[in-house]
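Shown here is one chain on its own, the form predicted alone, set out as structure tokens.
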């Protein structure tokens, strides 16, 4: 498929998978329509690059369903002036969306080869405001804290305390919480001084968060 064909696929993806499910923020829809998701999937998965589901990227990891990428980005309420942390870089697709929605993004990946590949692609796309780090993402990235938004792209047994502590007052954290093989809920946490409001929403299925505050 040529670039024009991919552009048509992206337009259809946004209309049918994202906007139709209730996401209406114009800037986010424009970002999702412009991001070349086909560059983030392996060549063997090119025919399904804009399909309504996750795809494997190796090392037991996946690139998330486009709707989930848009939904979790929307949950952070980004205006373009924020510093954001992503836990679980994976392919770099979610980090790219955040990079086009926020002022600065730090993204942490525990698998070195995935971090390296994502970092190269993000540079090629001109996203110099996205900084890729190889580390235990369940510990966050304290060097750039506090964050206005934190997004975790893997399921945790419970919300990692270091991530809550790295939130700016009024900052928002979006993450799936639940068992690896059972029920997971997409949760939102908002910092209010020393307290945190939270609510559980959509049932989801994510790969496990690895690290000290993830699944062993």
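Residue numbers count along the first chain shown, from 1. Here the structure is a predicted model, which is why all the values come from computation and not from measurement.
There is also a form predicted in complex with a small molecule; it is not shown, and the following applies to it.
Per the 4.5 Å heavy atom criterion, the small molecule in the predicted complex is contacted by stretch 87-95, the sole one of 122-130, 142-150, 87-95, 74-82. If you check the small molecule in the predicted complex, you find a heavy atom from every one of 136, 154 and 210 within 4.5 Å.
When the small molecule is considered in the predicted complex, residue 114 lines it closely, a heavy atom lying within 4.5 Å.
In the predicted complex, residue 108 approaches the small molecule with a heavy atom inside 4.5 Å. Among residues of the shown chain, residue 184 is not one whose heavy atoms approach the small molecule to within 4.5 Å in the predicted complex.
Contact annotation for residue 45: none of its heavy atoms lies within 4.5 Å of the small molecule in the predicted complex. In terms of contact with the small molecule in the predicted complex, the residue from 28, 63, 68, 163 that brings a heavy atom within 4.5 Å is 63.
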